[in-house]
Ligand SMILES: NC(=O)c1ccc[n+]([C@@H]2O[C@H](COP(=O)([O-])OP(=O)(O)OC[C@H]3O[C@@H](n4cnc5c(N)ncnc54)[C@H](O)[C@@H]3O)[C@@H](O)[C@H]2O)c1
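Only one chain is given next, in structure tokens, and it is the form predicted alone.
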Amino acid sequence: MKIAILGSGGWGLALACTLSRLGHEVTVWSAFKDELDSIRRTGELRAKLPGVQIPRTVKLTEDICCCENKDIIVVGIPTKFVRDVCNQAREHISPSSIIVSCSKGLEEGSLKRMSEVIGEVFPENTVVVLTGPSHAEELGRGIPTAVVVASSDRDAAMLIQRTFSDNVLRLYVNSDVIGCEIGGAIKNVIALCCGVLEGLGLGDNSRAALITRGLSEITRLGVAMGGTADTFCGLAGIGDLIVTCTSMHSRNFRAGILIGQGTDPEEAVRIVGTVEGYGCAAATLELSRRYGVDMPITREINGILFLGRSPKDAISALMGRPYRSE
């Protein structure tokens, strides 16, 4: 297959390593020439994927024309840039190309899922979603990883499954695009919350409660939006939630730790870099209101991030809610 990957972040490069190893013709595009020059010079991108050598068979380019005549286009860039980059690439992408969305989040303002954004830019293309518990740092080192490929077009999903899978990366097919994307987006919000607990010095009991009740919130919203409850028991739901809420590989978790330790939320995001859960928290709260879904954890983290609420006050409010059945 001829494959273009839009984005030279950790996940894009980890996929490039996997796909190149499988014998595909892989080109990685980036708007950041300094990142590509670093790879050209050292063979790795130490800032995002330290210790992982990028195969010389992977082509690197700053020219968006690289999307021409490709079988598959992988979109692996931060959520807030997805629409803009897709618009830049639009004239170069054939309607026959399958577009794989790896971006996890919701578009600011429209509250659209990433497959919806991509579908608006490329109405004639088949769009599939690749999501699940997947730290780029581990996949790049060859650590076994299992993810989900979701699409309303089962044949396209199965083609991506066959194309991307090997003895390191295993893909499972799912038809629930909404559920898979909501799970992948909102787990970042809960991971921020878990980081706050860690920063406060709280323990395993608190984290387990937050992950479990956070999953309940994600599931309620996902089902209200048209997703399937079973999806949230799988890799795109609890799987992605666990890996993001428990690892220092997670930028959302690391930013939450800083906030719990007293760092201003905006400053914490600046220090850590791309923190998808920060913007997604506000979008999720707005969706919860739109669909009439109660999401108290989401409401409290929004108070912390944007209204100056104390993390300790937020926890007290959650623990003091009226008693109810699980």
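Nothing here was measured: the structure is a model prediction, and the numbers come from that model. Start at 1 with the first residue shown and count on from there.
This protein has a second form, the form predicted together with the named molecule, left out of what is shown; the following refers to that one.
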(request) Tell me, please, which stretch of 127-135, 223-231, 172-180, 195-203 lies within 4.5 angstroms of the named molecule in the predicted bound form when heavy atoms are compared? (result) 127-135
(message) How about residue 300 - does it come within 4.5 Å of the named molecule in the predicted bound form, if we only consider non-hydrogen atoms?
(response) no
(message) If we define contact as a non-hydrogen atom of the residue within 4.5 angstroms of the partner, is residue 163 a contact of the named molecule in the predicted bound form?
(response) no
(message) Even though the partner isn't displayed, in the predicted bound form is residue 142 close enough to the named molecule, meaning a heavy atom within 4.5 Å?
(response) no
(request) Indicate whether residue 70 is a 4.5 Å heavy atom neighbour of the named molecule in the predicted bound form. (result) no
(message) Just to make sure I understand: among 59-84, which residues lie within 4.5 Å of the named molecule in the predicted bound form, judging by heavy atoms?
(response) 76, 77, 78, 79, 81
